[in-house]
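The chain below stands alone and is given as structure tokens, in the form predicted alone.
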Amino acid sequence: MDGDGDAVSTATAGAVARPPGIVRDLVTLTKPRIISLLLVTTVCAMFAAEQGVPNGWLILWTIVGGYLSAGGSNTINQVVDRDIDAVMDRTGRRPIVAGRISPVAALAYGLVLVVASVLVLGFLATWLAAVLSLVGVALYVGLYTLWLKRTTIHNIVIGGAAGAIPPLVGWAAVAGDITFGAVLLFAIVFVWTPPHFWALALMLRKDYSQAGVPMLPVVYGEHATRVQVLLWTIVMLGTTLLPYAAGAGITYLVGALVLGLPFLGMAVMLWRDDRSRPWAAITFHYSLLYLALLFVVIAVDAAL
């Protein structure tokens, strides 16, 4: 049981978490490390929409609303997927699976976060941003978690649309509308998702197989997955050049190439190496850094 080190009575030790442990579990349910990357894409999209530096208060409230939205989605996801999480090594200690928070309480918590996110974004940013955040929740929980994840190898290709919503939210918070520039940012995250997630799936193939999740390496094997990672990386690299064709500056073009070519090189090495795990791990971890830095380049180019 999580706690602050103080003793708990024997009668309640298995059922009641002390307040510090409860707070920690509630934060854990939101998956803050994952949300941090989503917020980077959100805020950098705000710079792109502003073509400069957005209002500081608007940035703050958009971050708050974005965190609440993604945190609510992640919490509800863990309620739905608690049976899968229970048989996967990396997720077996999550609060719901471990019995520290009940599914009903977690569901209520997740829904409260989602409602709060809509109110924060609607009243303190724009209502379009609020609606888009709600669309992201619907895509992640309804399309990906409840349907695609358990039924098709294309789960993260189609479901990747949910992770590509945050740049739209950031753009809408500043501009109040969605233009071609926002669509390009959405497209970049959308095509980044397959090579990123399939690299992770190669690392966790055993876990997904045990849980019965039809991820690509489970159904079609590691070679097919390595090929797909390479192909999607090529598509991704091409997509990241589109903003320059649409008017982004030379700073963006140089940054996109400097960041993208190593990604392509890693995908090639993963494709060529039969020992998938080492290069899968390298590719996966670089993909996280890559997306964050690419969006920082987008923001810097817009500010300049």
Partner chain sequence: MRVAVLIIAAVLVVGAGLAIIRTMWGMRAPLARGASSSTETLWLILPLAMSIALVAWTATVMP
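Numbering follows the first chain given and starts at 1. Note that the structure is a prediction, hence the values are computed from the model and not measured.
The same protein has a further form, the form predicted together with the partner chain, not shown here; the description that follows concerns it.
Using a 4.5 Å heavy atom cut-off, which residue among Val141, Ala116, Leu148, Ala106 comes into contact with the partner chain in the model of the complex? Checking each option against the partner chain in the model of the complex, the one that comes within 4.5 Å is Leu148.
Taking the partner chain in the model of the complex as the reference, which of Leu200, Leu124, Val80, Ile153 has a non-hydrogen atom within 4.5 Å? Selected residue: Ile153.
Tell me which stretch of 124-132, 153-161, 169-177, 201-209 has a heavy atom within 4.5 angstroms of the partner chain in the model of the complex. The contacting stretch is 153-161.
If you check in the model of the complex, is Tyr244 within 4.5 Å of the partner chain, heavy atoms only? Residue-level check for Tyr244: yes, a contact with the partner chain.
Partner contact for Gln228 in the model of the complex: the partner chain, 4.5 angstroms, heavy atom: Yes.
The partner chain contact in the model of the complex: Ala248, any heavy atom under 4.5 Å: Contact with the partner chain, yes.
In the model of the complex, does Val120 come within 4.5 Å of the partner chain, counting heavy atoms only? Residue-level check for Val120: no, no contact with the partner chain.
All of Leu184, Ala187 and Tyr220 within 4.5 Å of the partner chain in the model of the complex, heavy atom check: Result yes, every residue of the spot touches the partner chain.
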